[in-house]
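In structure tokens, one chain follows: the form predicted on its own.
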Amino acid sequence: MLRLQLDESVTFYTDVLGLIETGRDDQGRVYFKTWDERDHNSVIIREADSAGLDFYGFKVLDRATLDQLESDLNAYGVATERMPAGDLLETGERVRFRIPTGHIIELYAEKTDVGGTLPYVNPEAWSPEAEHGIAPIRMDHILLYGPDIDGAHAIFRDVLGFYLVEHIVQDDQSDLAIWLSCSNKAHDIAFVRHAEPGRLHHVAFLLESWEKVLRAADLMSMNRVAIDIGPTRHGVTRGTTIYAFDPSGNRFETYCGGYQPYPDWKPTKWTMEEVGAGIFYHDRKLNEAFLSVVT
């Protein structure tokens, strides 16, 4: 992700959000992971003239799967580029491609396992790092804004094996928003139809409980973090949530809950008559700033 003031952002992500810095490279990028993640990094930030997103990546099973998915993408008409191993710290080769919403997506198979803050043998229930800052369990999902969400949906469904969990359907029966999963999480990625391509709405971090969400709200207030919405609940996915902004204006979410879908489930559909409850279940109405402010 792109940051306006790198030092301020590093302080925010370590001391307020509670991530662990795992390295810096010669391009000025700073790498982070959560206390319970085992791979070397899940979040990378760098300084830039404007806030936003460089790319979003998914880890695949192994090198053979990476090669096969690249071949499948090419056969589907999606151009790809191989990024060399070592271009990102502790990360193997990546397959990069642009989707119809204007975003760059990457796939990779290899990232160094540095372990969590708990050992692999006879661990305790949690570690002291789990109480440092907001301290999410993992970086969980992303919501992207762009024009052709149907084209993006097709690539994720037909090539990458994602499935539709929930969607908001407009009066003309086109999708306004889609939530896609490649696991049994309520979503791994989501899209909202938007005129401008390549926009970031938020990156989401998972917490363990509603109490942890309320604790996150307290920490945000103590640190004068700009809260956008919450604490509240979504109708879509049924998760409990807070949205706030980092020092550069990128929105992030801390949330918990939701349900565990399966690929054979029929997608949940929301109509425009009830879209307010779908987005904010308690208020049952939309918030224009929440919908329109993106980076």
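A quick note: this is a predicted structure, and the numbers were derived from the prediction, not measured. One rule holds for the numbers: they count along the sequence shown, beginning at 1.
Not pictured, yet referred to below: the form predicted in complex with another copy of the chain.
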{"query": "Site test, K212, I227 and K269 vs another copy of the chain in the model of the complex, non-hydrogen atom cutoff 4.5 Å", "finding": "yes"}
{"query": "Answer range among 66-74, 48-56, 244-252, 35-43 for contact with another copy of the chain, defined in the model of the complex as heavy atoms within 4.5 Å", "finding": "35-43"}
{"query": "Contact of A79 with another copy of the chain in the model of the complex (heavy atom, 4.5 Å)", "finding": "no"}
{"query": "Another copy of the chain contact in the model of the complex: D264, any heavy atom under 4.5 Å", "finding": "yes"}
{"query": "Proximity of D171 to another copy of the chain in the model of the complex, heavy atoms at 4.5 Å", "finding": "no"}
{"query": "Non-hydrogen atom contact R29 with another copy of the chain in the model of the complex at 4.5 angstroms", "finding": "no"}
{"query": "Contact residue in the model of the complex, chosen from R193, R138, R98, R157 - any heavy atom within 4.5 Å of another copy of the chain", "finding": "R138"}
{"query": "Partner contacts for 159-192, taking another copy of the chain in the model of the complex and a 4.5 Å heavy atom cut-off", "finding": "S183, N184, K185, D188"}
